[in-house]
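To begin, one chain is listed below as structure tokens, in the form predicted on its own.
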């Protein structure tokens, strides 16, 4: 029977072809049935809310003045372009994102290089280093606000006093508040960059370094000519992932400064929150959220293009 089935398949028997086609169809239906729940959940939690957000941004929806609500088309976006607070929050978001991502990559790479040269204690160092990542951003914000940045008895203020810098109002001064939220985000998420770059360093071929040592290449030359080029894909991926997260940061800044003092640390995400849920301008807040989405997509697209470039 097996021989006849094989012979019929080799001679192009229509029955064998139909059986194979029916089997492939059943497999595709089975795969679709497995994917359907996840696909529907994705639509329900991401696609539909996104469509509703864009739809809301074309309406004037102000809960404080409901009698003025109605369809306004692109009026919210026209107002957005002449809103100085929007441009200020966008600039703060870009500064916050660029600074934190650069610091995370630089510090994470330095720590990874340091740990690679450690003969003992690598496991403990990795365990301790990864702890900030598992904490909620809101919890991190509370820890820093209460124990680290509190005037007079906070740890950072204690160190500043002992260093001769005196007590500082870390969250009341606009410049220091911005430095503080950048430091908090960098402290929490540098371990992510560290772990990714450490894993990439561990996978680099050792024979290339041995050849470089035989050619009497210095440590700096090996780092610049071998390590950085080989780590480039991992570095770019870390930059992309951390940029998308930093642009949409909210919980830590909201917990620590609430966007203050004034609007000194009010990133675009926080401005959209304030407009929507404090000033009750839902339509304009939705337009701000759409603008943040567009900025995130554009920056992510540029970074992905750089990743594909040679």
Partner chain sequence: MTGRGHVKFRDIVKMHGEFAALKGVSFDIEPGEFFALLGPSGSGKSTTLRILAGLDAPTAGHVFIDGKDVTSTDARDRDIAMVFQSYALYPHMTVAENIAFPLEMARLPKAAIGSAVKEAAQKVKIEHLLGRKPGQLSGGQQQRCALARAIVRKARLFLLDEPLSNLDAKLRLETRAELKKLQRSLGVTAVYVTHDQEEAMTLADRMAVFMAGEIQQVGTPAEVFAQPNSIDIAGFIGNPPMNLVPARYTNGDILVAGHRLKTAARLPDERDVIAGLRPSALRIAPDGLKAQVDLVEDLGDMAVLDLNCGGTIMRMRVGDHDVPREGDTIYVTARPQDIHLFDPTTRKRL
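Remember, it's a predicted structure, so these values are computed and weren't measured experimentally. Residue numbers count along the first chain shown, from 1.
There is another form of this protein, the form predicted in complex with the partner chain, and it is not shown here; the text below is about that form.
A heavy atom within 4.5 Å of the partner chain in the predicted bound form is found for exactly one of 72, 212, 178, 94: 212. Shown without its partner, this chain lists 207, 117, 152, 84 as candidates; in the predicted bound form, only 207 has a non-hydrogen atom within 4.5 angstroms of the partner chain. In plain terms, the part of the chain that comes close to the partner chain in the predicted bound form, with a heavy atom within 4.5 Å, is 221 to 229 out of 180 to 188, 141 to 149, 221 to 229, 159 to 167. Shown alone here, residue 80 lies farther than 4.5 Å from the partner chain in the predicted bound form, counting heavy atoms only. At least one heavy atom of residue 217 is located within 4.5 Å of the partner chain in the predicted bound form.
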